[in-house]
Every structure is written in C-alpha cells, then in structure tokens.
Ligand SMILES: NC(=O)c1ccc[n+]([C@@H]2O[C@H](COP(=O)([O-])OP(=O)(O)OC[C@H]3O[C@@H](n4cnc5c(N)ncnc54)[C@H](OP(=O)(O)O)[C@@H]3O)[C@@H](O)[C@H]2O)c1
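Just one chain follows, in the form predicted alone, and it is written as structure tokens.
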Amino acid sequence: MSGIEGKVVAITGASSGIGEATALLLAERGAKIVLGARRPERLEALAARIEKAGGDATWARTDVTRREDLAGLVKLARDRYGKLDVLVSNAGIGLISRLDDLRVEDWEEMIDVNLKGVLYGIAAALPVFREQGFGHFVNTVSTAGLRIVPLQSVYAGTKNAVRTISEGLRQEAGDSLRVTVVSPGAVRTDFAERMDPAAKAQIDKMMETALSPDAVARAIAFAIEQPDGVDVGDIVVRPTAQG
C-alpha cells in the first residue's frame, strides 16, 4: 500500500493544469479526490474521468475568494468520506504587468485568489485537522518568489506571502500536522491567457521549455506519500533550462 492509497485529498484549482494533473495522479494511486474550481462543467467531466478509470471523486464549484466555498469543500470531503487528509491549495492567477500600468484591480484579484484563497483554506481545514489529529496542507507557490523579475512583482509578492504564512503554520502545527510548499517554475498551463500582450509574450517564450503539469503533480505526490512523522517542507520543480 502506498502512502497515498485511501487518503482523502481536496484540491482547489482542480479544473485544469497542475490541479487537474494532481487529481488524476493521486486518484490513480488510490486517493479519494474532492475537486474544487470555478468551472463546474470541467469538474464534472474530470470526476467522471477519474471514476471511469476506477477511482473515486466528488466535486463542488469553489471560488477561493469566497470563504464559505472553502468551508463547503472541506465539509463535502468529511460528509462524503468521513475525513480530510490533505488540502492542496493550488488555485492561482498571474495577471502580471508593469507597476507603472497601475492595474490595481489585477493586483487586488491576485491578492484575493493567491493569498486570501490560501488563508480561507487554512481557516476551513485547520480546525478539522486539529480535531482529527492529522492533516497536511500543500500550498502551490512559485519560483517567481525566488527570483524577482520585472512585471511579476505583485504576483511574486502574493506567492512569497503564502510561503511566509506556510512556514509560520508549519512552526505552529506541532507534530501531528504537515505543511508543504511546492514552487513550480514554468509549466504548460493556461496561466497567460488573461495577461496583457507584452506580458503574455514573455510567458509564451518561457513555454518553449516549460514543464508538463504532471511533473508538478509528481512532486506533490512525493510530499503526500511520505510516512507519518516525515514533513517535506519545500519543493522546487522547474525546467532544467530555466535560469
């Protein structure tokens, strides 16, 4: 039996990209998957795909900017499966631009999704993990927070805030909870679809050597499958060609 089999894993941002790849991989390895994202038609199709392959999945439309949606996703996991082992806070957006462009609404949206969305997940799952006596937070951050470059300052700021909060959570968690941050580099997703043309051109160039989402999913699986008492705190996964 793997360290994943039988675990109940809730995933935000599960309808595409890293979230979708993680759901498929963990389901294949025997986890019970609770899918959350804003596109219900994608979630329904993904759950059906998992079940057709012999897995077990359920889903709920989840907007991580709404605290009640995160509470509902955690409740769904407990109602359906009786527990929650892992919360993968993966939902994120990268509306990158120059600060001079003053795209304040984009800044606010990144703060709401990338930062507050993770905090709402912690608020929903932490009391449950305390009650159970076990639980694992996996938070997707970014290599953008490790190497700051133009256009990405606000995006990187939100990801570094999550990194800092995750470390504080780890230190407060005690010996029964685990906290992992995963920092992907360039990954082939729809990350750039809402960017302005100049920023999109920068990201499209990076996509020439980008990772498959499956590579990040394997990193997340590695952290989850560790035995009790082993906490993989920080994983960086990026293309070998990325500077």
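This one's a predicted model, so the numbers in the text were calculated from it and none came from an experiment. Position 1 is the first residue in the sequence shown; the rest follow in order.
There is another form of the same protein, the form predicted in complex with the named molecule; it is not shown, and what comes next is about it.
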item	value
Candidate stretches 97 to 105, 124 to 132, 140 to 148, 77 to 85 - the one whose heavy atoms come within 4.5 Å of the named molecule in the predicted bound form	140 to 148
Partner proximity in the predicted bound form: M110 to the named molecule, non-hydrogen atom cutoff 4.5 Å	no
Non-hydrogen atom contact Y155 with the named molecule in the predicted bound form at 4.5 angstroms	yes
A47: touches the named molecule in the predicted bound form, heavy atom cutoff 4.5 angstroms	no
Contact flag, L177 vs the named molecule in the predicted bound form, heavy atom cut 4.5 Å	no
Residue among V187, A217, A27, V181 with a heavy atom within 4.5 Å of the named molecule in the predicted bound form	V187
Residues within stretch 56 to 70 having a non-hydrogen atom within 4.5 Å of the named molecule in the predicted bound form	T62, D63, V64, T65
